[in-house]
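A lone chain, given as structure tokens: the form predicted alone.
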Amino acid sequence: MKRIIVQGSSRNNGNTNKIVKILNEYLEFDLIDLSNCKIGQYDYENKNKNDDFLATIRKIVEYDLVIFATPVYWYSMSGTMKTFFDRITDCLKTEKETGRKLRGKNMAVISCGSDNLENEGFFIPFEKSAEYLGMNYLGDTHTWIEENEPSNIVRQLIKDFSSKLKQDL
């Protein structure tokens, strides 16, 4: 089973990446860090067709499980992640063959905030996107960083999340 994490944070080595590294201790995967990609906003005229989006999504569709990792910015996914999801529209309009390859793939999400309060409705865009794309939504978990490090509670949440994903696959 090929697994990949798509990290959508403004910092390569920020708090979300700390969570991703812990998850990697339990569940081996490849990583795409969207902050290293040049992905423009979606536009109806397809002006950004030569940026990194198509190469990135073509790589992602080769995996069985895609885990999206995002910080919580203003009660929602990061702008980097939102731009990526908006660009999936390209896979419905001009890159349909790639878009079809998402069907039957598995999706999960892990968020990282500054506290243990999960925002109501935070994961709905991911769930609905998976449903629309014909992907299997395997679940999500919210994590947080306290005093620059994840607590033992967070580490256990990550361990439990990875166990659930292994069981569901």
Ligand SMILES: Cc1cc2nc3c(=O)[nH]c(=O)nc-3n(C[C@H](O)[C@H](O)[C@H](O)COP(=O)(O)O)c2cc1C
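Residue numbers run from 1 along the displayed sequence. Given the structure is predicted, the values throughout are model-derived calculations rather than measurements.
FYI, the form predicted together with the named molecule isn't displayed, but the following is about it.
Taken together, Ile67, Asn106 and Ser162 are entirely out of contact with the named molecule in the predicted bound form: none brings a heavy atom within 4.5 Å. Proximity to the named molecule in the predicted bound form, taken as heavy atoms within 4.5 Å, picks out 113-121 from the listed stretches 129-137, 38-46, 113-121, 53-61. A residue is said to contact a partner when one of its heavy atoms sits within 4.5 Å of a partner heavy atom; Val72 meets this definition for the named molecule in the predicted bound form. Among heavy atoms of Arg11, some come within 4.5 Å of the named molecule in the predicted bound form.
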